[in-house]
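In the form predicted on its own, a lone chain appears below as structure tokens.
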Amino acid sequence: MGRYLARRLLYMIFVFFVVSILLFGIYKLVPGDPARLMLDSTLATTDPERYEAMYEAARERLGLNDPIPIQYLKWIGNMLTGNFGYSSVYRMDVIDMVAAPMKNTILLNLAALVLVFCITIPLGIAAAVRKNSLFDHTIQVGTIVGYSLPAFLIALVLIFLLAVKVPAFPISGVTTPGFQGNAFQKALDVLYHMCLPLLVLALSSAGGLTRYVRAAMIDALRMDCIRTARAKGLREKVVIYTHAFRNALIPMVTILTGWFVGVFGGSVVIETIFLWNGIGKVLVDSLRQQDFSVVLAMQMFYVVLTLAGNLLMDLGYCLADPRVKLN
């Protein structure tokens, strides 16, 4: 185990630096000058000398006058020490700028993850146990419909039904503007605003995951060990939830890893529709405004997260199936 973890850590470090070089090079090839985005363009005509002085100062502050290799070394060195750069659009450090959106994204996606798994795992198991029954056919039809509909269409339908026809939930925002109250009341206000985007995320994800759980459970119930367990006279609940579900967990570990990474990635479509101040919306806005300090910092964060998720996936295989050995 120790030797395996050491090799994987060396591999993760190698991949991290290779991807960092590629991403840095790609964003440097994008046309545009981040230094000019920091300045008021009207100064170029009203006070050209002052504009040029401010422009040169901005380039010096962003390190754009250095050769590309030096810029990369400075950038990666600062990133490894916790300095993720300066946002040329928001005029503040990146780590301070992304703190609130990251918190909102994690809150929304963690709630969606818990809700989706609480719904889909029991539904998938029940459909697999009652294969080819009326209940199973109903679940399959419902999941196909949910899987086929895009998230933005589900969002528009729910907004029309639950915010326009029946004004039960707010359409947008994270909190009520100007809301005053104690910590508990503020938390309830955030949860109230989170209901619609949470429901959309759950409905758009539940279809595919339910079918995945159903297929994994059907394969597990066909195993010889399940027949043996039933032949021994074990209770059906023990056979299903202790033996079959344990074997069905093996392919589900991959899905769990993807969800783990997605918790921090945010949903660009949902966050944009509901004006949820999350990291997905921030990334899209930063790309449009060429605020590459924010984009690069977040992309490298996702690289580390993906590498760590793959390592956790391998370890999860060992926990779910003792026959899997780490070599």
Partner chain sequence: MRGRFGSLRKAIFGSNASPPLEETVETPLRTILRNFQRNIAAMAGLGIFLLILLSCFILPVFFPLDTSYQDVTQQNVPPGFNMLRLPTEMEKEPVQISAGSVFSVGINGDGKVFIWGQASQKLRQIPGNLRRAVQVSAGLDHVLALDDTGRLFTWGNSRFSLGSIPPELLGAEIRQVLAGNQVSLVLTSDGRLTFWGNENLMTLRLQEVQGRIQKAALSSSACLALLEDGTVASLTTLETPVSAIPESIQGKVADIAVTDKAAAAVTVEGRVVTWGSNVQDVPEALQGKAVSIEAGRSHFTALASDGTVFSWGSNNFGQSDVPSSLEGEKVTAVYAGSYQNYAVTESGKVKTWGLKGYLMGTDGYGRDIFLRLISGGRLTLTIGAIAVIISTFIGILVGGFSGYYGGKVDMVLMRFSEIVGSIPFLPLAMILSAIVGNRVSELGRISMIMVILGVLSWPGLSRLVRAQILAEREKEFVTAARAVGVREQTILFRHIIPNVITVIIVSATLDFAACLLTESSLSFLGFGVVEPSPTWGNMLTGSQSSTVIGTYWWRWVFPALALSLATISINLVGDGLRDAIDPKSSER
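Residue numbers count along the first chain shown, from 1. We call the rigid core whatever largest set of C-alpha positions still superposes within 1.5 Å between the two forms. The shown structure was predicted, so the numbers you read here are calculated from the model rather than taken from an experiment.
What comes next is about the form predicted in complex with its partner chain, which does not appear here.
Heavy atoms within 4.5 Å of its partner chain in the predicted complex belong, among the stretches 229 to 237, 105 to 113, 76 to 84, 149 to 157, to residues of 149 to 157. Taking the partner from elsewhere, every residue among L23, H137 and V145 has a non-hydrogen atom within 4.5 angstroms of its partner chain in the predicted complex.
Its partner chain is not drawn, but in the predicted complex it has no heavy atom within 4.5 Å of L64.
Though the partner is left out of this view, K186 does not reach within 4.5 Å of its partner chain in the predicted complex, counting heavy atoms only.
Although the partner is absent here, V19 is a contact residue: one of its heavy atoms lies within 4.5 angstroms of its partner chain in the predicted complex. Not displayed here, its partner chain is approached by K131 to within 4.5 Å at the level of heavy atoms in the predicted complex. Residues of 276 to 310 lying near its partner chain in the predicted complex, listed in sequence order, are L283, V284, L287, R288, Q290, F292, V295, Q299, Y302, V303, T306, L307, the criterion being any heavy atom within 4.5 Å.
Once the cores line up, the CA of M300 ends up 2 angstroms or more apart between this form and the one not shown. Superposition on the rigid core between this form and the one not shown places the CA atom of L283 2 Å or more away from its counterpart.
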